[in-house]
Structure formats: C-alpha cells, structure tokens
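As structure tokens, the next two blocks hold two forms of the same chain, structure 1 and structure 2.
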Structure 1
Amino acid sequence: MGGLHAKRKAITIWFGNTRIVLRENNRIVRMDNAKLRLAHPVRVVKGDWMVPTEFLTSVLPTLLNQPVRYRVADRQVLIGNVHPNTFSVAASAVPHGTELTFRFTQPIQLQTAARNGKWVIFLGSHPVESTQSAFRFANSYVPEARFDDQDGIPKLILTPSSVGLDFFPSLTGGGRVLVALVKQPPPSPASRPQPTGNVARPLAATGQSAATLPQAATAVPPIIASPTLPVVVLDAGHGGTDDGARGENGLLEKNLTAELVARVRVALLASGKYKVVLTRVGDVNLSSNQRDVIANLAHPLAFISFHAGNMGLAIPRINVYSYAPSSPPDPNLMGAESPLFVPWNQVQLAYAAESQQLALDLQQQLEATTHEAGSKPWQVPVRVLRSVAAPAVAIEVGSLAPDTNPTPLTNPTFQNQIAIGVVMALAAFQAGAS
C-alpha cells in the first residue's frame, strides 16, 4: 500500500499508482477514473472501514494483477493461479458400519492419526478446497466429518458417534478416492478381521484427553510410523476464540503459531527421527490443561509451545523460555503425605533442569540458523508449561503487536530456519542427555 488519506466520510488509498476512493455508506468504488459498483455499501464500524467481500474479487485482481478467488465456505482468499484439489463425499451403509467415500480431483497423500476421540485424515500438502466445512451423515457410526486447513495442513476430521469403533482408511483410484470404512468391531477380539493388502490397519480413536478416551483405545494402537521413535509434542499457542496477539496488519498469533508448528512438524518428520503429536489440530479452543494432558499422554521427549507476542520494535526476535514458578513451592504441599502423587501445578518442577538444557540448546541452534541473537533463555511462569511431565519449553517470536509490521515473521525462509533450528536443537539435546 502506497498511502492512505482519511476524511470524515471518505478514504483514499494508493496501491502503487492506483488510487482507490471509498465513501461511507456508498456502493461506488472509484479506481483512478473508473467507477465500480459493489452490491453492498462500504461501512465504517468503530473507525474501521469495512468493505463487502466482493471487493476482494472485483477490486483486488486489478490491484494485484493476479486472479483472486474468495472461498465463502472457509473465508479464505486464493491469490494467483492456485488450483486447489476439490472433493465430493458419499456415505453408504455396510454391515455393522458405514463407508464414507471422498472423491478428489487430484491425488492425495494419506496419513491418519487419532486425536481427542476423533480420526484425523491428513490430505497432503497441496491446497484442498471444500465447498463446506462440515458434512453431516444420517448414520449411527460417523454423524459428522469436518474439513479443516486453518493451520495450512488440509485434513478431514471424522467424529465417531461412540467409542470403540474400528476405522479402516484406504486410498484407491490412483490416490484420488479415499474410502473411510467405520465398523463396529466383532464381539470377540480373537475373531476380529485383519485387513490386508492396501487396506489400512484399524485405527482406533485414541483420544488424548481422558474425558474422550474411547474404551477400545488401549486394545488397538494408532498407526504411527515406528514405535521406537521418540515423540515430540508441538503446541500451537492460542486458537479458536483466543486469537492471542495481533500484528499491525491483522496477523493473529493463533494463525502464526499454527504456521510455525506446521513447518516444524514437516521438518521433524523429514528427519525420520521423531514422531510428532500436535496439541491443537485446526482452529479450536484448547485450555492449557488440555494441552498438558495431550503432552503427558504421549510421554514425549520434548514439549515445545509456540507463541508470538509484543517484544518491542525490533523484528524478528526469538526468545526461548522454560518454566519456573512465580514463588518457591511450599514444601508442605509437595505431596509429602502421598509421594506417589505430584500436585498438578508442580508437575514441571521435576523436569526443570532438562527443560533449561533444552531451552539452551534451542536458543543456540535458533541463533545459528536464523542469525538473530536472542537473549539467554528465561525461566518464567509460562502457564502452558506448568503441568507438562517432560522437558518443556516455549518459543516466542516477535514482535507481534499493533504498532509493528509482522511481515518478517511470516517469511517462509525465517520460519524454515526456525524449523531446522528445532530439529538441530533436539538432536543436540538427545546427544547431551545420552
């Protein structure tokens, strides 16, 4: 944007050499000498100028000299010649179950996981466009499937109606047809059918939260690459109605942390040395306690929480934090009567030294990969680290504040440097621990 000139009832904006004039409660948009009529008038709400969504597709293409499409279903804007994968859904009844068939226009890569009592089907890295965000089915096995790509990772989230159902995802038709078979398991585990060929093993909805843990979760383990690899839990801070910090251009902390986690996840999986568990999948509300429960059930090598916040005017900056209580814990409340139990708010204390070492490794490696000199790791009472039963740290990038342009934080190069730094730091941490 080249400039902005606000009057009482009109605003003039310059994009390069193009001048746009908007008037309050007026449908006419002037672009240089041309007039454009919008279906709805421009509004001013609490000092903010609001344009109707059609502004995106009618005015932006001229300004950007690129095609622009607006996805109504998930309110996303696609700029450029992006041709997302699309799909149709059909459900059919099978004995003791249901079969959901997703037909894609382009091949997908299938990867599945079980989270919070739901099945998550990751659809690869190519953008996927969905006509709607939720699909409802009239059956007693999977009443709902949701599409989500808020964190940059397109995925389908299937919600089983009850615990203990078996889930057989498979890919056919050259990778274009995804069949999700959901069945009631036979009464006796001994007679349970063993899928063969290209049909996946059953994936039980192993909820990470105790409240939603299906009964069969312990009987059938989830599909994960190798049982011997250490788990790293990645936590994208905030989410849902909790936006977190906000940058000058409207960038929200919850979206930035989801982006960072997506990149770190890819880097960790690419290393072939770790399994990755995400606390937050999609744009959902998750309390600190829920995040900590997810981490503790995974028995991870490390828990890394990503944040972005106000860090002054210098940008980009990276700080690493481990947990320290705000005051020394009362020795009388340290579980003396029942040493087998640790108070929930003191779980992390037993891992303080390891967490500090991990924070130091991260600070050094992030400094090496991003070339941004960070301050030495802090020990402060970061709420989300408080009850993690593993080495746990928080990484904060900044500055993300209303008076700072956060563009450097969304730079893919910078984000990839962070991802590489995390992989290197975990390797150093493991080497030190061994």
Structure 2
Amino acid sequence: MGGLHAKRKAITIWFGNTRIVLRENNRIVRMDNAKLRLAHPVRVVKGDWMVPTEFLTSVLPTLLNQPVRYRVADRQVLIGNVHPNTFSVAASAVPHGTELTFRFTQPIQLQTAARNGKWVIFLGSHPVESTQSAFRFANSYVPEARFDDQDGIPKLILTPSSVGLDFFPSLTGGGRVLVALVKQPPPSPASRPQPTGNVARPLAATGQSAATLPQAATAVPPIIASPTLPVVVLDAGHGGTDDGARGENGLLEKNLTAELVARVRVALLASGKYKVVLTRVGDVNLSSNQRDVIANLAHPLAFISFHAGNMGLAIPRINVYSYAPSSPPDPNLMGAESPLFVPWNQVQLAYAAESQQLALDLQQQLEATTHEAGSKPWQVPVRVLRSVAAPAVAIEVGSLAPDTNPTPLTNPTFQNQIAIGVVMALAAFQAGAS
C-alpha cells in the first residue's frame, strides 16, 4: 500500500500508482478514472473500513494484475495461477483393522504427529482443497477423518475409536497416494506387519507428541491450531536484497533472523495457545510498511521483530526494544480526542504502555532462559514498530560484525532458549493484562 488519506465519509488508498476511493454506505469503487460497482456497499464499523467479499474478485485482480479466486466455504483467497491439491478418500477392511487411502492430484509431503488422542497428518505447504471438512467411515477403528487448514497448514486429523491402536502412514504413487493403515497391535512384536513405502514409525493415540518432524527451520509443528486463539505476529528482519549485518564467517542477519523466527514459531504452536502469523516467508523484500500492514490485519496479541545487528564484541547478547519517536509527535496531527483515523506514523503510540510491559516481560524471561539479556529494555525509534496497532517489540541478538565469530548465535540450544523465553514472556504478558 502506497498511502492513505481519510475524510469523514470517504477514504483514498494508493496501491502503487493506482488510486482507490471508497465511500461509506456506497457501492461504487473508484479506481483512477474507472468505476466499479459492488453488490453490497462499503461499511465503517467501529472506525474500521469494511469492504464486501466481492471486492476480492472484482477489484483485487485489477490491482494485482493476476487472477484472484475466493472460496467462500473455506475462506481462502487464491492469487495467481494457483491450483490447489485435491483428493479422494476410500476405506477398506483389513484383518484386525482398516486401511484409508487418500489419492491426491499432486504430490504431498508426509509429516505425522500424535496429539490429544488423535493422529495428525501434515500435507506440506501447497494449498489443498477438500470437498468436505469431515469424512466418516463405517468401521470400528477410525470413524472419522477431518480436513483442516485454518492455521494455513493443510492437514488430515484422524480420530481413532480407542487408544492402543497402531497407525502406519505411508506414501506411494510418487507421493500422490497416502495410505493410513490402522490395526490392533499384534500379540508380539515379531508378528507386527511391516507396510512398504515411505513409512513413518507407529504413533500411539495418546496425548504425547511423537512425530517424524524436520528441524526447526523447516518444521511443521505438531499442533492443531484454532482460529479463535490469540495471534502472535513474528517478523524476521531484513530479507531479499537487504542482507542486514554480516558475521565474520559470512552469516547474514536475514538468514539468522529467519532461523530464530522458525524456532519461535514451532515453540509457540507447540504450546497450543497461539496462532502464528509470519510477515516474511522466504527470502523476500518487505518494507516496514508492508510488515506493519500484515501485522495490523491479523489484530495480534503481540508483534515481535527479530534482528541481529552489530552490537560490539559481546556475543551472544540480547537487547529488547519498544518504540519511542525520535521527536515528540505533533499534537495537532492527532485531531480530536478520539480520532476516527490516526496518522500512520503515530499508530504505535497508543500501545506504548503495553509494548513497554511486553518488552519488560521478554527481557526478564530471556534473561532467565539465556542469561544474555541483562540490560533493561530500551525505548528507541525502531521503524518497523512505528505503525503496528498492537503491543510491539524488537529483539536484537548480537553481535553480527565482520570481526566477530557469530557461531554461538547459530547454536540450536541458544536459539531454543530464546524460543522458550518468548513463550514464557507471552504467558506472563497475558497474565498481567488479564
């Protein structure tokens, strides 16, 4: 988004060189010199401008110059020539068990976990489309399989009829056929059947997590996230052509922050208490405004940005920052006592006290887990925090410098300590807020 100008009954938004004008309770959308008529009018609810869902398919394609499809049933927007993976399901009886066969139109990536008495099969990162949310089977072993991608991760959730059953998932057919074999355990290990193909080890239907998961940087977390959970937005600093700081061994800040975010994401999802949104996925360029827009659309409990700049010779070292403007804001820009619109560069000021408390909780918990966060939180004009409409902080892990060996920063133990500290800090922050 290139800019925004609001009046009492109208709002003008610039996307690149395209100007869009919306008017409250009006169906007409003006795009430069063109007019588009929506089926329903634009609304303003508690100060938030709301466009009807047909905006996605009537206006966005022109803005993005790409096809846009909105699937109402599962609330997904597909931009560009994205073709979701689809599948069919069949169940067949086997001695002392059942065999479920899922046939996909495209290959999947099999990852499995046991959680809360259910088996979870993660299907990879490509979009998956299901004809229905739940499939029911006429057998006494797995009465139901449910498809879920509310947290952005497509997965199948199998509900066994009882504990103690053995679960053998495997991939065949070039990764397009998933076979889930569910059987009663044999009387002795010697008689246990061994399915062929890419087989994950059996998972017991207990509350314990046991999974064939990858490392944190690419892991799919063993958790069933709920859309009603509070959202935490994680921001991996830099990216794309912006490498950030560089260490003695060539380690780039953008890669280190991506590793840290991946580990923190896994820890947050594994807690079962949060939904996680990432501002940067992959090595891409994102401006501070783009990161803040992503955060504000998520209405998060907290926004946490990770960095690893040149902080001198001390390594590792953790500093936590909340936002403070470089100069006092002009009160004349704020308008009325409770303005409908706040200047973009002053959004974070309304959350200053909460952000300072979140920074303090993070500093205390990171010091407890890493012993490298002894300094009290700082209030500085961190640009990426300036326009976040939520408690927002930046965590800097240093130091990345040409004359400093950054190896301690890549230590998995140290990174996991940071992840644990973030989870503990968010719990403390929520407890204080309540």
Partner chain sequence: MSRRVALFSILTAVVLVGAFFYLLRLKRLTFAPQSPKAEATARTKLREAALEPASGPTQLVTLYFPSYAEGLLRPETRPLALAANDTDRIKQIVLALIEGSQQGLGSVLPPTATLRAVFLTADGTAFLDFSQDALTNFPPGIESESLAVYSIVDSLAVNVPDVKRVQFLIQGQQAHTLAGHISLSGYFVPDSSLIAPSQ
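Numbers given to residues start at 1 and step along the sequence of structure 1. For clarity, a rigid core is taken as the largest C-alpha set superposing within 1.5 Å between two forms. Just so it is clear, the model here is predicted, and its values are computed rather than measured.
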Inset, instruction - Only one of these is the form predicted in complex with the partner chain, so let me know which. - result: 1
Legend entry - Threshold 2 Å Cα movement between structure 1 and structure 2 for P52, core superposed: yes
Legend entry - K376: Cα shift of 2 Å or greater between structure 1 and structure 2 (core-aligned): no
Legend entry - Is_shifted E144 between structure 1 and structure 2 (CA, 2 Å cut-off, rigid core): yes
Inset, instruction - Having superposed the rigid core, state how many Å the Cα of T98 shifts between structure 1 and structure 2. - result: 31.3
